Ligand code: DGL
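The chain below stands alone, shown as structure tokens; this is the form predicted alone.
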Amino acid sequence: MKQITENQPIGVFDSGYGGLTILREIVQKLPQYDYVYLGDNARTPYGTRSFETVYQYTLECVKLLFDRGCRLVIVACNTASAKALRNIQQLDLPHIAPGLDGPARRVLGVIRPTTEVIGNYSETGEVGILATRGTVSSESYLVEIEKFFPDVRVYQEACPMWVPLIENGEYDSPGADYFVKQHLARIMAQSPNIDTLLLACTHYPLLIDKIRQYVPKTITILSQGRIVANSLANYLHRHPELESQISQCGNRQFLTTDSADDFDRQATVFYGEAVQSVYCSPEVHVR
């Protein structure tokens, strides 16, 4: 059942905790707005799931955030951005959020803002993408970077163990070193000229200190939080008709589709401060 609310916050959605690293940067950049964060923790991870499943889960969570009054939703999950965002924008929004001049509500992702600027960070024109299997197999970064920087060469490496390590609190343990070194060695072996590495999963910033230990200091390591925050600020500036509808009371609300207690314990690591979440269901059965 839809909730009636006067608040019209910005929604931030992720399959789990990783999107909190994006929200943290957005709040630092734009603290005046209201935000609702939704973690689909009951069905994480998305990275190994099919396109159809990720699309269905993402659409359900977007609808939940719309029901909570969100005018704008940020899909702060690379896998969901890669596998679901375009269909939602092109096929679903005209029906679930119709407006006079296009959809009345908007859904944005994290891949487009990143690919719009990534070439600016590389002097050699060769960048590496570290991501989940789902993001790598979608080839979304290859396609999008080609649009903005056709001369940039892109190399990809799937890192399937990194998210489980992080979510089990092992991101700073000696046991994580093996998997970090393994995948960094693989991507750097693809080309000696890679000078920029993108952490194309919102969990991966928690590994950034370890990553820096195993690559040359000349390598630029990019996480997406600040990039997405700057892009959102620019988007709101360019769309004042939408920006004027977003409530500005500085409120933060955190939702999870799994245990609120578990979410609160883990979220502190990703968000940088304690949170108090509420359990909710997007009116679906967990598979």
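Note that residue numbering follows the sequence shown and begins at 1. A quick note: this is a predicted structure, and the numbers were derived from the prediction, not measured.
Quick note: we don't show the form predicted in complex with this ligand, though the next part is all about it.
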Subject >> Listed residue that, although this ligand is not shown, lies within 4.5 Å of it in the predicted complex (heavy atoms), from Thr44, Ser223, Ser231, Thr257 >> reply: Thr44
**OP:** Consider His203 of the chain shown here, and say whether it contacts this ligand in the predicted complex, taking contact as heavy atoms within 4.5 Å.
**Re:** yes
Original post:
Just to confirm, Thr115 within 4.5 Å of this ligand in the predicted complex by heavy atoms?
Top reply: no
Original post:
Even though this ligand is not shown here, does Ser140 get within 4.5 Å of it in the predicted complex, heavy atoms only?
Top reply: no
Original post:
Val163 near this ligand in the predicted complex, any heavy atom under 4.5 Å?
Top reply: yes
Subject >> Segment assignment from 170 to 178, 210 to 218, 87 to 95, 71 to 79: heavy atom within 4.5 Å of this ligand in the predicted complex >> reply: 71 to 79
**OP:** Heavy atoms within 4.5 Å of this ligand in the predicted complex is the criterion; list the residues of 128 to 143 that meet it.
**Re:** Thr132, Thr135
